[in-house]
Every structure is written in structure tokens, then in C-alpha cells.
Ligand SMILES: Cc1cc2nc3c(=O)[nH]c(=O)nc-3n(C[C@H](O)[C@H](O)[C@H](O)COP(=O)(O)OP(=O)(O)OC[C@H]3O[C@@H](n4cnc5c(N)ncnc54)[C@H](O)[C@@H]3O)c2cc1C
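The chain below stands alone and is given in C-alpha cells; this is the form predicted alone.
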Amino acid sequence: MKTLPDSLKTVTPADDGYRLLRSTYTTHHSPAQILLPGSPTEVQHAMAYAAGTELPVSIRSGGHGLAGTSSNDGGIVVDLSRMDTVTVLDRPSGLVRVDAGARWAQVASALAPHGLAVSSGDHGGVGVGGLATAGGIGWLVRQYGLTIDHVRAATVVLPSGELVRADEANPDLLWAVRGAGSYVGVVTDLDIEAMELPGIQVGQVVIEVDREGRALVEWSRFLQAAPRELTMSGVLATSGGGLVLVLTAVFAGTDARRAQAALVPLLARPRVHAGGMQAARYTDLVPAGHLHANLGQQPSATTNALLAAFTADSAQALIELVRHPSGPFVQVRGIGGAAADIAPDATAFPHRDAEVLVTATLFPPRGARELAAVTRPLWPHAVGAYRNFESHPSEATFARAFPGATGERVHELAHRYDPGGVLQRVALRGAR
């Protein structure tokens, strides 16, 4: 068995720092070793060592990791959080290099002085590696597209310890990195094309939702026709005896009049309430205040469904879900726009016809089994699922995220680059 170099920082249960590194955001774990490489070379050493054992191996980029697979019990965690550099490679083109261990609050802060941004989820504490290799449905998704759509190259350490480059010269690996990166290797850094963003406009919109769900259908149609600069995301919840969709509206740009005008068709509808759009910075949406250690502080069960759009039937199904006695926490995100410009087979995220993402969460004592029952009415209307909002991965959830030919290609590339199944040991043994 290979040994670790003395330079590679290792944390064990006997060390003081273990408490802050052992768990994920939603799960408690007790790994035997946590390896903290500070360079791609040290990641090579870490993976060669881990592959030589029969232990579960988890890769963590520092963020939430709802599935809990970024840690384990009794195995090895390769934690990339020491690798968090953000570099502007070429300001005119917006090309930046981001280490996988950075979090998106750090990325936003580093790019803001250059007038650049990467649409990157909705929380500053999320890690770069986990999001930028799976999708990236962020506050600017309709203007920018998914985060993976702008990944131009990446440095990857294969489970064998070999260091390779995913780029146009290695198109299969690049395809996998853009949506299914966790199946093929450990991404240590990514070259991402950022967008020009001197500022944003932000506002709050509240929509009273009728029992038939017509308001959801109308909102969906509005967003499909709205300027791409406008992205909306929020929560659908009970309020007294009714329902409300409480949305944050983000307009990518500094033109306050255009931002306000973009909302006019929605605000003209009955039972829609809103304040004015206010100037803000992208860093206000993913602030440094989001950065925290993950201690298993938010145990939960989460799943999701991608919808082509709200229809009368899917809206009714969602209302049934929200009104379930278990009280699920339901989030609704608008997608579409630039995310639909990419061909379904161009990346490992094929759901380019999805206009809406619905996420449902239950908290203890309720868990995954009850969540499956709660969300059952929505699944006949879904066109797929987003793997980063799934807390209990399985063959069924894999098929939703990677249907048909996409799933076959992911399996083929996973076998090619990880023939020993090192990266799947946690999934096979079952993460809590």
C-alpha cells in the first residue's frame, strides 16, 4: 500500500480540528482520516493512497453536499478546502481559474473588483467543486446559463492518482466534468468564463396562489417571455388558509428602469405584490457571511423535480404537495433562458427543456421514505432531476438526473476513468 508524504496534512479523530471537518451540512460522520492536500500533486498522493485501501473514499470541496457523500464513516475524506485560489487569467474574455476548494462567496468577492461574476447557486457557502461539476442553477441562470456551460477546462486527478487535463483535446473527460464530474475523478481547478456584471437589481415579489394553481401557470408563462436578465427564485408556502409564492427577483444589470419594466407584466396581474427593485452587488446574494463550518447542523431529506413549465396539472400536483400534513419546505426556481441554448447532449446535464426546478425538503423526525410519498404526485409531470438537490442517491435518482443515452455515457466514462470504482465506494456502502 502506498504511504502519504509527510507534507500532506492529515487529520484524525485524535486531532483538535477533527470536529470541524468530520461531517457535512446535513449529516454527521466519523471518517478515519481526513486528508487536506494543498496542491494537485498532493491530491495525486492522496488518491493513490486511498485507492490502495478498501475503505470508503469521499471527496469534499468544502460546501454543503446534501447527499452526505462528501464524508463517511470509517473511511478517507479528501478535503480540498485548502485549495481556494481564484485567479483572473484574461480579463477581456472573462476567463478565470478557480480552485475546487473555494466557496462561491470567495469567488464572488475575488471577481467583483474586476466587474465579473459566475452564476453559482444561491448560497455563498457552497463549494466550487461540487457545484461546478454537476450543474449550477444560480441567481443569474437565465442570463448566464448553468455554471457548467462556461467551464472551458479543468485539472483532474483520476482515482489512480494520474493527473490529466479536461479540455477540447480531451473532450470525453470535459463532457463528464460538465455535469458528472464526481464519477470520473477529483477536479482540482476549473477554467470558467465569467460574465461581465457591474451590478444587479434585486426586489421581492409575493404572489397569492389560488387553489387551482392558475397563478403558478401565469408566473411560469410570464418568466418564459421575460427578458433573460431576469431570474426569479423563492419559496411556495402556506399562509393562513391560502398559499403564497414568495420570490426574489434578480435583474442582471444596473439599469433600474429596465429592471422595473421587466416586472410590469407580472405586477399587472391580480394578487401580485412587490416593492421596487433596488441596486445591489452580486456579492450581496452570496456573501461572506454564508461561510461556515459544516457540523451536520441541518439534518434533512431533500429531493427535486425539473418541470418543462407549470401546467394546470403540475401546478395542482405541487399544491397538493405543499399542503401535505408533513409540512414540506418547497422552493421554486425559474430556469430557461440561456440554460436552454445548450444542446441536450453537449454536457452531462441534458435537461435543457426545463423551465422550473421544484425542491422539496422534510426535517426530522420525518425522512426520505415520507418525502418519497409526499412528492409522488409531482413525478408524473417531471422531465428529470438535478442531482445536487438529492439527499438519498439511488439507481432511480441517477436515472432521473442522467436519463437514457446520457446515463449510458456517464456509466461508460466512469468505468473508463475509475475502473476500480474507488469513487463509488461510499455510494455502495451507503452514506447516512
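All of these numbers come straight from a predicted model, not from anything done at the bench. Numbering starts at 1 and runs along the sequence shown.
Keep in mind that the form predicted in complex with the ligand is missing from the display, and what follows is about it.
Contact annotation: of the candidates 84, 229, 122, 191, the single residue with a non-hydrogen atom within 4.5 angstroms of the ligand in the predicted bound form is 122. Under a 4.5 angstroms non-hydrogen atom cutoff, the ligand in the predicted bound form lacks residue 384 among its neighbouring residues. Interface residue remark: residue 143 is not counted as part of the site for the ligand in the predicted bound form, having no heavy atom within 4.5 Å.
When contacts are judged by a 4.5 Å heavy atom cut-off, residue 285 does not count as touching the ligand in the predicted bound form. Taking non-hydrogen atoms only, residue 314 never approaches the ligand to within 4.5 angstroms in the predicted bound form. Site residues 25, 69 and 131 are all in contact with the ligand in the predicted bound form, judged by any heavy atom within 4.5 Å. The stretch from 196-204, 275-283, 176-184, 106-114 that comes within 4.5 Å of the ligand in the predicted bound form, counting heavy atoms only, is 176-184.
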